[in-house]
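Single chain ahead, by itself, as structure tokens, in the form predicted alone.
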């Protein structure tokens, strides 16, 4: 499935504003979902591309595992150990007050790091291929998370974050 997604998804370079200046995200992305699953984050509005057969197959498996339904997926391609995701919490209005995000990892193992916003407590979870991580309830309100760069060489990783986008 990793190879099929790597070759079939229309990966794009994402440019967002940081302190008033355009910045290239240190990974590639592809946003897919139902036509009304329009999502804005980091100041960029994303209209979904259609579901691919591979994404639909994975979506159904994730829905069975989590007993939830999703109308969208953000696919992230970490090309190697230098690609990353900075500290953030998924708190956009379209996700509702307590977002439920199912995050599936395919490919190389990468570190998922969470940090409590008040206490500073950190939790590190190595996510190998096939790992399914669920962030739900008050998680986004109390924790931030990241996928840091590493000095240790790593092969490519695809992370699929399934979400329910609500009209605002």
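This is a predicted model, so every value here is computed, not measured. Numbering follows the first chain given and starts at 1.
One more form of this protein exists, namely the form predicted in complex with a small molecule; it is left out here, but the text below deals with it.
With respect to the small molecule in the model of the complex, the three residues 78, 103 and 157 uniformly fall within 4.5 angstroms at the level of their nearest heavy atom.
Among 31, 112, 143, 51, the residue placing a heavy atom within 4.5 Å of the small molecule in the model of the complex is 112. Put simply, residue 90 is close to the small molecule in the model of the complex: some heavy atom of it is within 4.5 Å.
The small molecule in the model of the complex is approached by residue 127, whose closest heavy atom lies within 4.5 angstroms of it.
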